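Here's a solo chain for you in structure tokens, the form predicted on its own.
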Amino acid sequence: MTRFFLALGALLFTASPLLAADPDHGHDHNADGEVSHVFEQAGLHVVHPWTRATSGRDALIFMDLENEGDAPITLLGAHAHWAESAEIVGFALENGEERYLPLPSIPVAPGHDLVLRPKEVALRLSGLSEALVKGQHLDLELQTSLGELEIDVMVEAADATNHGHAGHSH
């Protein structure tokens, strides 16, 4: 539990059908034909959203949120038509068990980043309508204080610990 609160404290102080048939769905291409995996809205940059392949009913979504604006932006949650629910969660160790516990909304101060990554903070989608397979893309609606932002989430390998950058640029 201590690790969870330390990670959350550090985060808050530094941050003061289902699948698309087209593998490049939701991406822009640069001049070299590479896929860009950045989504923007009024000073908010969402960089390389990803998840792991799974046959279970839950998935954790990871990404970087960069506030390039002049005012705080708050991450409120997410929505996806391919999941029954979504919530912001933080990693915790309870009695030696790894768990993700629900968190409230998280503000991102101007000029700061909020990084969602394994064993820290994530979006948990529950009640998936089908398995997630490596290489597929998922449509996700990110909910922020700026409004809703449609993003595209890349499905990585089931054992991935970070986002693969093959075939796209930022």
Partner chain sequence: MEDIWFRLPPGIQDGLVLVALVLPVLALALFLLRGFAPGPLIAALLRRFRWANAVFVALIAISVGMGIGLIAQERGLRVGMAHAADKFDLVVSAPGSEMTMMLASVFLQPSDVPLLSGAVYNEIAGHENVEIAAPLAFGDSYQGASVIGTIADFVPYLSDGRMEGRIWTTPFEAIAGAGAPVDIGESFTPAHGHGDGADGDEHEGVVFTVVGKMARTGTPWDKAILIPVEAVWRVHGLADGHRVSDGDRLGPPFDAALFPGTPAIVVHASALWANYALKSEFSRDRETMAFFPGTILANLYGIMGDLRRAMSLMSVVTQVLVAASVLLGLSILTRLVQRQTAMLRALGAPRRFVVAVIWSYGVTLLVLGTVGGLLVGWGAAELLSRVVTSHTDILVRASLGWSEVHLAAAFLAVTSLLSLVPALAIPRQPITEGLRA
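Numbering follows the first chain given and starts at 1. All values derive from a computational prediction rather than experimental measurement.
Although it is not shown, the form predicted in complex with the partner chain is what the next lines describe.
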Out of M63, V108, L44, A59, which one falls within 4.5 Å of the partner chain in the predicted complex, going by heavy atoms? V108
Hey, in the predicted complex, does E120 get a heavy atom within 4.5 angstroms of the partner chain? yes
Exercise: L103 in contact with the partner chain in the predicted complex, heavy atom 4.5 Å: yes
Quick one: is D113 in contact with the partner chain in the predicted complex, heavy atoms, 4.5 Å cut-off? yes
Considering only heavy atoms, tell me if S129 and the partner chain come within 4.5 Å of each other in the predicted complex. no
Sequence-ordered residues of 78 to 106 touching the partner chain in the predicted complex, heavy atom within 4.5 Å: G90, F91, L93, N95, G96, E97, E98, L101, L103, P104, S105, I106
